[in-house]
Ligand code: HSE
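Taking the form predicted on its own, here's one chain by itself in structure tokens.
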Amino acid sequence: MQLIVPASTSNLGAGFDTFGLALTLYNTFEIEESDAFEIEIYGEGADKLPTGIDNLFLRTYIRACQELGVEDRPIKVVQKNGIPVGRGLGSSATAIVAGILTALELNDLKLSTDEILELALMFESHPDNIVPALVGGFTISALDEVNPRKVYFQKLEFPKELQIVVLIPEFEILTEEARKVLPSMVNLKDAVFNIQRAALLVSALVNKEFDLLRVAVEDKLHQPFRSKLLHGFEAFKEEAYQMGADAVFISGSGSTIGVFTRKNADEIGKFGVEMYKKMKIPARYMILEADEEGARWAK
């Protein structure tokens, strides 16, 4: 069995812990029953990720089986990673989603999307990567105030007119580190600023008013603080807009920078790589599209 799970970019500027977008970049998991737990990892992060029982995929699979009341039968997994690790592209979300879906598939169990997400939120308390990894598309998520494992979400089709450039410098920003730099309190003016722009982003994407995106991804809750960890973000953003980009934002907690654009995608990516080269930081870029399908078993 082979499971395919897409990368995701999240926050998209003002939509902190709310917006997510599945991308045409994937981790795949080849699974078969075995006499013992075994995992092989190839591709991105192969030299960093654990290959024992503490691997996130295996931990999720085992815990999901326990929650479902079924035996956590040993499996062999060959994990092929196309998604860079620790770069704000939802690599961890793919392992969590894959572990749960594997537990369901091997035991011939069916759960609703909402029930799968409730399980997933045991492992990741923020739904902005989990939801698009599972269902695909552009997603808007809100956690229930009383039950933090209950998520309300909407999935919208992402405009095909927009290309998605991801600029990936070769350094990690840990989510924990990126959250530590955020203020514990925000003032009302900044909260209103973000509410206005988050609402504007949804409307601009639905109505294809792409000229509004530059304003719609402005943010005062996280990017001004995280940009201090993400060297080059402000300089790249300014130049990318000069080159015709529609939106520039930090992907998740970084270090990837995301761009929505209708033109000059390749030129924007190349500029970013050269900019980081001058800073003596290796970088690469990819030009992607939205993945509308989400996690799926290969046919």
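Since the model is a prediction, treat every value here as computed from it, not as a measurement. Don't overthink the numbering: it's just position in the shown sequence, from 1.
Missing here is the form predicted together with the named molecule; even so, the following discussion is about that form.
With a 4.5 Å cutoff on heavy atoms, Glu124 counts as touching the named molecule in the model of the complex.
Proximity of Arg179 to the named molecule in the model of the complex: non-hydrogen atoms within 4.5 Å are present. Thr256 falls outside the set of residues with a heavy atom inside 4.5 Å of the named molecule in the model of the complex.
The closest non-hydrogen atom of Thr94 lies beyond 4.5 Å of the named molecule in the model of the complex. The chain is drawn here without the named molecule; in the model of the complex, the stretch among 125 to 133, 165 to 173, 206 to 214, 79 to 87 whose residues come within 4.5 Å of it by any heavy atom is 125 to 133. Residues of 135 to 157 are not found to place any heavy atom within 4.5 Å of the named molecule in the model of the complex.
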